[in-house]
Structures are given as C-alpha cells and as structure tokens.
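Take a look at this one chain, the form predicted on its own, written out in structure tokens.
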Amino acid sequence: MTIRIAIVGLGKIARDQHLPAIEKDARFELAAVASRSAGVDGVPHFTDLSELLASDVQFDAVALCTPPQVRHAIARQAIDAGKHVMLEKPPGATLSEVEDLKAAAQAKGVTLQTTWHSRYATAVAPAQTWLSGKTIKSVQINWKEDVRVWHPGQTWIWQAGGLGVFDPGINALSIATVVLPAFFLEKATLHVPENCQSPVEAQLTFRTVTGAPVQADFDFLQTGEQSWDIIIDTDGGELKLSHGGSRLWVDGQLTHEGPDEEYPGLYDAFARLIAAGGSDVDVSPLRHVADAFLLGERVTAPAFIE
C-alpha cells in the first residue's frame, strides 16, 4: 500500500532530508506540501494544514517539520483528522505536549513517531552490539557545530522552546540514551546570549545508574571542523562514535563507516509502524534537555549576531 504523505513546513530540514527520503522509498508518495512560502513543483501546495484538510487532496500521513513551538497544535489537528504523524525532532516544546499527542494517537488509532534520526546513523547499532556486556568507566560527548552554517536565519531557535544549542545537542543525547545504561543529570551550565532566550553553549555532567561519569559539551558557535563525537571508555577498550554516529572506532581503529542513511531509516521505520498499527514515542532525549533547563545554572553570554 502506498502511503500518501504531506509535509508541513518546507524549510531546510524538509528539503535536505525529508524530500530525498520520501523520493527514495517506494512505499511513500508526496501528496501535498503545507507551507507559508515554499512549495514543490508538481505537488499541491497549501499555506497550512487547515487549508490542506479542507481541500479534496487525499493523504494518509503528515511529516511535521515546523519549529517545535507550534508543532503540538498542528500535530493534534492531524491526529484528530485520522492522519498518521511523524514528528521532526524535538517532538514538541514540552514533555506534556508529546504525552498529549501520544494519548490522542492511541485513542484515534493512528501512528505517531518521534524521529530521533541520529539513532539511525550507520555505526550506532554496531556500537550497541560492541558495548553489550562491557562495563562503562566514563563517557565524553563533544557535540559542536556552527549554527550559522546549519540554521542560517532561523531566529526561532533562539526563542523560548527553540532549544538553542540543544537542537543539535539532543541528537547526541538520542544516541546516548540507546547505547548507554540509564543516566541522570547532576549539574549543568547554560550560556545564554543576552539577546536570546536559549543557550548557545552548555556543559552537562551526568552519572550512569552504574556510577560512570558522563560529560557532555555542546557548542553552537564552533568554527572550522565540526565535532559530533561520543567517546566511551570501558573495561574492554575505548569506543568512539564520530561524525554524528556514522563512524565507529575501537581502540583507535576504524571498524564501521557508511553513508548518511538516517532519514531513509526513519521513513522505513515509519512505514513499518503504520503497517503494524503501532507507534514509537520516546521522550528520553527531550527529558534530559528539560532536566538541564530545570537544574542548569544560567550564565549570560555575549549577544548572538549572525
């Protein structure tokens, strides 16, 4: 069965990742786009989901690629209309919003998917396998990129609910929550520019349930080479996930690498969930971010100027 899917919010992530993944997967057909400004040639275009739902265009699912601050209302509208919903990360501005969507999807009998795309990076599954049965001694996460390159002109990311540096940092946490035992925040420092509401830099200290320290350093103003690394010291050697999880190193030797297949992996999972009549709603990465905002010490940083 072909899944007719509509994209709501046609920004950079939708163009760079969602459109190619949909085109690559024969189980999906792009039925419509709902966006205030942009469209796709040959595809019905609407200004918002309400206009799409009022039309005669037939579709089964939506991929929500809007900023997180407005995502709940749109997702609830889609669920109430009987549509399956893929939530771009982060799945909502708050944990309560996602819990409401989960309950609504279950009541309506539709699929809801939280899309932690970094978990589908090539080396993440092999890392899980290698770590199985080993004792973790310590973890260092370095997730540093340049917002001016990856999110040019996207002012929503600096507003309340936009997450700031946690927009990329949550990708690291999404990997950590599947390769590590349970871990909990002990302290955090959030560097918030004087003209913003969300941090541009953060240092987080966690401890696993087995007592291993986990240090995470996030920076949204990294210049030059970008850093997306997780280094795990164990009783069986050192594991390093680099390049966002696409390369796996064991004791300095490269053991796995591959192309970027994160979003094709997400769409494969979404199709399988729809076929099985299930959902996948995991808020663990977002919960760690919420803990950081709750527990973290805020430090004023210089004004952000793009």
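Note that this is a predicted model, so its numbers are computed, not measured. When you see a residue number, it is the position in the sequence shown, counting from 1.
One more form of this protein should be noted, the form predicted in complex with another copy of the chain, which is absent from this view; the next part is about it.
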Is it the case that 110, 269 and 273 all touch another copy of the chain in the model of the complex, with a non-hydrogen atom of each within 4.5 angstroms?
no
Examine residue 233 and determine whether its closest non-hydrogen atom to another copy of the chain in the model of the complex is within 4.5 angstroms.
no
Quick one: is residue 229 in contact with another copy of the chain in the model of the complex, heavy atoms, 4.5 Å cut-off?
no
Residue 126: touches another copy of the chain in the model of the complex, heavy atom cutoff 4.5 angstroms
no
Look up in the model of the complex whether residue 135 has a non-hydrogen atom within 4.5 angstroms of another copy of the chain, and give yes or no.
no
Counting any non-hydrogen atom inside 4.5 Å, which residue from 94, 122, 154, 203 sits next to another copy of the chain in the model of the complex?
94
As a check of understanding, the residue in 163, 179, 216, 105 with any heavy atom within 4.5 Å of another copy of the chain in the model of the complex should be identified as 163
Counting only non-hydrogen atoms, the one stretch of 221 to 229, 114 to 122, 71 to 79, 145 to 153 within 4.5 angstroms of another copy of the chain in the model of the complex is 71 to 79
Residues from 272 to 306 in contact with another copy of the chain (non-hydrogen atom within 4.5 Å) in the model of the complex
286, 287, 288, 289, 290, 291, 293, 294, 295, 296, 297, 298
